[in-house]
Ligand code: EPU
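Only one chain is shown below, in structure tokens, and it's the form predicted on its own.
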């Protein structure tokens, strides 16, 4: 391990250890804990790696620097800001982009603070979860955001959700921008009330696989006429549950999940995505991030319905 001129820790490491799928080759990783270190890391081509969910990294790794938020960027202040909080709603102090989302959701439940319980079970970090507006049908990250601090190639800025063109699995934040911190906007309640809503969301996830997985593979597509349909249902109807390439498999429990049975490679996962593209006749957009990008797998296809 070495240090950059601003004190960032730099080391070549296998990225598989930082992903929920458990695949990814070796790359140069920068551990940054200050805005100065982050600005230095962003001087050359870079990628930001948070909790490693929703991500499939090439077996060869990536040529760019890989940035990990650490130190103060991985800390949280959940105390209400008295100048912004009221009787029924609070605005917290800053929560770092490197804070694990599951631990944050549990901490909010113990405090009886609501708005993010719909994200229960999502394994990412706050920054990445905000960047893609992660969520479930019970809620999403933008339900609980007041202010977002973003590092850009031109400096650091603060925005509100109203400043962004956000929507389903999309924050409107450009790809080369990094969510460093957020302030949360939360409703006051009781721990029991928040737990009940978390239990409802968690119950709906019981059919999801327990093996290593990036999460849902495809976004739910919209059919001609405006009807949104389950991607998992379409893959299931194509008879693909349990399909296996190498040690990667389309999960028998839920067809919109690809799992690592142990020793899977990114190439195995890419091959399964191609199988799904071939067999499912509905244009679908990949929910995973692929490093490096593969547009032929990521973008919604234009095939007609079969």
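Note that the coordinates shown come from a computational prediction; the quantities given were computed from them, not determined experimentally. Numbering follows the first chain given and starts at 1.
Form predicted together with the ligand: not shown, discussed below.
None of 105-113, 190-198, 70-78, 219-227 except one has non-hydrogen atoms within 4.5 angstroms of the ligand in the predicted bound form; the exception is 219-227. When the ligand is considered in the predicted bound form, residue 35 lies well away from it, no heavy atom lying within 4.5 Å.
Contact check for residue 236: a non-hydrogen atom falls within 4.5 Å of the ligand in the predicted bound form. Although the partner is absent here, residue 257 sits close enough that one of its heavy atoms falls within 4.5 Å of the ligand in the predicted bound form. Using a 4.5 Å cutoff between non-hydrogen atoms, residue 94 does not count as a contact of the ligand in the predicted bound form. Shown here without the ligand, the chain has 135, 136, 137, 138 in 125-157 lying with a heavy atom within 4.5 Å of that partner in the predicted bound form.
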